[in-house]
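Just the one chain here, laid out as structure tokens, in the form predicted alone.
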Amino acid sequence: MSQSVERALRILPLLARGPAGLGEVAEELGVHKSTALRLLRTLHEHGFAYRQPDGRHRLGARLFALAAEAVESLDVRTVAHPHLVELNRLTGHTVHLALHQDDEVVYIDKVESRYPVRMYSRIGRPVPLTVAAVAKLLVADLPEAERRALAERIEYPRHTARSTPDAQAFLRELALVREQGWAADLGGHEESVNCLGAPVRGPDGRAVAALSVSAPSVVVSAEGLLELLPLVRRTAETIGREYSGSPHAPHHDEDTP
């Protein structure tokens, strides 16, 4: 990368923190003010920076327009699908990708298992909020007030003896999911089916989707499925990096709105 391009790119994070004067920009780059001014003028010409009436500089409208256009054109399913296929190849199990929409979590992609026993699930179908691993991951990522409000207004059907019984139990499980960074459904929806999932995080660290690996207990035990956790999490992190356009996996710890 040329020195001028590198310096110009370093200006953008500075301006993202707020308007900055020419002296601040020069100090941040470790260059003379004339060099900083030349770089700022180039950014101004292309709409990536704007000079305010008070002489300070801030990010330009063109940068926001490009960011909005990029987000609108980004399809997490397109990014994720090759990785879902590879996860299916490595494990042989059914792989799902899901999104949270309003009060529903919906499958948006599925790669079938290699064995004759198949899961009854399909793309576009909502999943059980209180038991499915992907649902727990996406609901757990909501801000606390939203999590609690959702937990209080949804129903808790008893699919099996292991199903989540009520709102308080659901909130406790969501807290655990947030803490550990993954979720499981061990016979909560169907006695004979286990599921293990991890979140796909976007540029801001929030979960934009969740993926899971599911298998009947006649094929692999719950303990055997849990051994795949590192692989499942690595796959989700890889998808998150590609989706975010970042060399590092997005991460989110804070319980912020």
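Numbers follow the displayed sequence, beginning with 1. Since the model is a prediction, treat every value here as computed from it, not as a measurement. Basically, rigid core = biggest C-alpha set you can superpose within 1.5 Å across the two forms.
Not on display, but discussed next: the form predicted together with the DNA.
- The closest heavy atom approach of residue 221 to the DNA in the predicted bound form falls outside 4.5 Å.
- Of the heavy atoms in residue 52, none are within 4.5 Å of the DNA in the predicted bound form.
- Looking at residue 19, you'd find every heavy atom of it more than 4.5 angstroms from the DNA in the predicted bound form.
- At a distance threshold of 4.5 angstroms between non-hydrogen atoms, residue 13 is out of contact with the DNA in the predicted bound form.
- The candidate stretches are 24-32, 228-236, 188-196, 213-221, and the one lying within 4.5 Å of the DNA in the predicted bound form by heavy atoms is 24-32.
- Of the residues 41, 62, 206, 58, just one reaches the DNA in the predicted bound form with a heavy atom at 4.5 Å or closer; this is 41.
- Residues of 177-200 are not found to place any heavy atom within 4.5 Å of the DNA in the predicted bound form.
- In this overlay on the rigid core, residue 236 has a C-alpha that sits less than 2 Å away from its partner position between this form and the one not shown.
- For residue 206, a C-alpha deviation below 2 angstroms is recorded between this form and the one not shown after rigid-core alignment.
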